[in-house]
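Just the one chain here, the form predicted alone, laid out as structure tokens.
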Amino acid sequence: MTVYLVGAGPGDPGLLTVRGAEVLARADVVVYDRLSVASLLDLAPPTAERVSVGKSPGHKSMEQDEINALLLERGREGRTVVRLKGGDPFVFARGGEEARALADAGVPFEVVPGVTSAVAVPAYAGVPLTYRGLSTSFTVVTGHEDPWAATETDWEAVARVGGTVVILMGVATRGAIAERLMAGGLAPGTPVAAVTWGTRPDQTSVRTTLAELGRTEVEAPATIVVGEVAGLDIRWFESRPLLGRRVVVTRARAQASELAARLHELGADTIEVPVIEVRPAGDGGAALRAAAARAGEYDWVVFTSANAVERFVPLLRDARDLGAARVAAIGPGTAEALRRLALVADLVPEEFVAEALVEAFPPGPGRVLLPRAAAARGVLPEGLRAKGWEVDVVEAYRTEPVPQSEERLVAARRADAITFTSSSTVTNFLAAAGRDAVPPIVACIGPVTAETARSCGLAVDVVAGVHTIDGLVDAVVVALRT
């Protein structure tokens, strides 16, 4: 049994340390507060108990003594407990008190440091804490209104130290702090940068001066940087084209990461609503295994999705099982899935739809094996038969709808855009959430998906010019910047 005090970082889930991710992956219990990033909870096993102890709308935060008791109770049960805390657990996060309680009770624990907002947030705002000729040091101080912190801090002495001053939890007391820093010798015109929700997609920065700080509107939680470096504006994070935008990703959970990651890199807050789940074929894969065993008898094996590739190719002993059969892929995503398994597609059409693949296909006669989803359009097999080919269609997998929580659907309704990557994502999202839950901008990966959306009564705003994940992302950027 071990209790891990894990720093979750200031907001960007990518700032979680490798060690933090390791212990989360095997947690039995996760105890988290409001400043922890919700998506980090997905790193814990689905069976892990999740306990919120932070303040949230309509709910009071748990007292520190109660949190300590909870950690002791769960730790003594012999379970792996992760206490997930914003920033670093030992920097103004009361992790020291929790560690002391565990140590006094003889409960084993480990501290996993996190990236503190004092350093990360200014960096994301383009404010270096030290800079040649401007600052050779920085001081981190809490501005919390509790008597043990802001009131008793010798702010005049902090001012005399020089360098950069970083103030955490100081929004409510910023006016008084500014007055005392000026009393300590800092000039009224000293630059100030206040960054709210730093490192998150809704990060906002306000630039002002020390004299104006008390009258400048700043929302909590904010990191306030005081000093000449705050006059620098080496902006990068807030220059991202999708910063502050919320985009719904409807792909299956196992496949959503690529699209979500690309959108996140451009600044978007992604809301994952995985409306489909990829499941094994209805016969348990028996027909697919039989088809793979005789793959060398065919002239072509045609793949219309990465899912089909990932289920069929591992059934081959190696590429020799294909014999003289050539391989076709409907698009670059499917071709890339083949490359990952050491196969190169002989044919990829210029347009990534079934109609284009039929047009690019050579005339028959011959035999074609088509492993694909259980429910798929008949365009491809019918088109190939019309060109003289004998086509064997084999079920490689099936997609099933996934129940959605009301919390996810509420978040989806508040988004700016929604992405659909297949017809099944359209129909399943509408079945789960209804048309009223569809955000203002609808983006589809290709014309087939767009046609399904329109047939369901949706107005499609953008269709990716290139029917790939990158093409879809590019289309979303254009739509949300217009």
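These figures come from a predicted structure and were not determined experimentally. Position 1 is the first residue in the sequence shown; the rest follow in order.
Below: the form predicted in complex with S-adenosyl-L-homocysteine, not depicted.
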(message) To test your reading of this chain, name the stretch in 356 to 364, 285 to 293, 261 to 269, 215 to 223 whose heavy atoms come within 4.5 Å of S-adenosyl-L-homocysteine in the predicted complex.
(response) 215 to 223
(message) Can you work out whether residue 116 and S-adenosyl-L-homocysteine are in contact in the predicted complex, taking contact to mean some heavy atom pair no more than 4.5 Å apart?
(response) yes
(request) Flag residue 121 as yes or no: does it have a non-hydrogen atom within 4.5 angstroms of any non-hydrogen atom of S-adenosyl-L-homocysteine in the predicted complex? (result) yes
(request) Please check if residue 168 has a heavy atom lying within 4.5 Å of any heavy atom of S-adenosyl-L-homocysteine in the predicted complex. (result) yes
(request) Spell out, yes or no, whether the shortest heavy atom distance between residue 92 and S-adenosyl-L-homocysteine in the predicted complex is within 4.5 Å. (result) yes
(request) Report the residue, out of 109, 197, 237, 138, that has at least one non-hydrogen atom within 4.5 angstroms of S-adenosyl-L-homocysteine in the predicted complex. (result) 197
(request) Select from the listed residues 86, 331, 201, 75 the one whose heavy atoms reach within 4.5 Å of S-adenosyl-L-homocysteine in the predicted complex. (result) 86
(message) Using a 4.5 Å heavy atom cutoff, which residues in 1 to 23 contact S-adenosyl-L-homocysteine in the predicted complex? It's fine if the answer is none.
(response) 10
